[in-house]
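Encoded as structure tokens, the following chain is the form predicted alone, with no partner shown.
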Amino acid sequence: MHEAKHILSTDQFERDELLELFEEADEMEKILEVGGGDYLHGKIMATLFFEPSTRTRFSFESAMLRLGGSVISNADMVNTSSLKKQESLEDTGRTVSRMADVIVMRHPEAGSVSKLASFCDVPVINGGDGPNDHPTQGLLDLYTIWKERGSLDGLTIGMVGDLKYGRVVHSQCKLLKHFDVKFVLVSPKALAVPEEIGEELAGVGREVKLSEKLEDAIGEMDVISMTRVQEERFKDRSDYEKYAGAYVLDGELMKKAKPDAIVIHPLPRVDEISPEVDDDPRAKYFEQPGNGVAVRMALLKGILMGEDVK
């Protein structure tokens, strides 16, 4: 089996590689301005999504097409693929890797993407595996911050909402630990960031402040990273309902935020950001999908053209 350069975890990335990736993504934005290029002409990407997705799947597919490649996709792997015939992930991986040059996969079970990758001889990219990790979302979030603020060092990063099950938060933390940042984590106690992530941040000397009140902490934040409380991560709906709507970023709260703070969100939102914030120039969440295309173009180009991508 050939050595494939998978992107499975945020743990793969170090500071220097992140900054190089952001510079390459910036170059990809220039390619986008002229309608794309033909770097990956003749290459095929397969998207295997076992959970609903709009932005991640479309972003990857757009990135591949903008680079001149092609896409084979099944938007509903659960109901319209051979899984209905009880095919294993191993056999799915072996089969699809004979048809495509790269696979992007999302799955509700932690570790599932790595499992499939172990049976593939083409690169596999993790598009989100349950509550575990979402490396490319974390990458595009950091790229957005880097692009808007000019640097990742010296910032206070606020993370608000479901910090326990939110895989995006986990990915952001694992990537941001490589930079000189302070963390302000706002959540109900029951949805606090997992202990192992807090220990990881403390282990590299990052200051972490915990709070349950957004209104008390928002004035410290250079970046306000909002997340929704994810109903699909709760076994009992009544537990979800306890915390849904716990934090709502609205116009009044934005008056307490720094004039140069930025607001990011992986989307979709439910009610955690009021629509009145959308017109605030500090709101960057509808710019993030475009940034995501550029970052994923940089990753795909690096993987499929043999350039260095960790």
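Note that residue numbering follows the sequence shown and begins at 1. Predicted model, so just to flag it, every value in this text is computed and none were measured.
Absent from the display: the form predicted in complex with N-carbamoyl-L-aspartate (NCD). The rest refers to it.
With the partner removed from view, the residue among 137, 97, 225, 187 that has a non-hydrogen atom within 4.5 Å of N-carbamoyl-L-aspartate (NCD) in the predicted complex turns out to be 137.
The partner is absent here, but in the predicted complex a heavy atom of 168, alone among 176, 160, 168, 120, sits within 4.5 Å of N-carbamoyl-L-aspartate (NCD).
Comparing 278 to 286, 49 to 57, 30 to 38, 253 to 261 against N-carbamoyl-L-aspartate (NCD) in the predicted complex, the single stretch with non-hydrogen atoms within 4.5 angstroms of it is 49 to 57.
Contact check for residue 268: a non-hydrogen atom falls within 4.5 Å of N-carbamoyl-L-aspartate (NCD) in the predicted complex. Heavy atoms of residue 106 reach within 4.5 Å of N-carbamoyl-L-aspartate (NCD) in the predicted complex, making it an interface residue.
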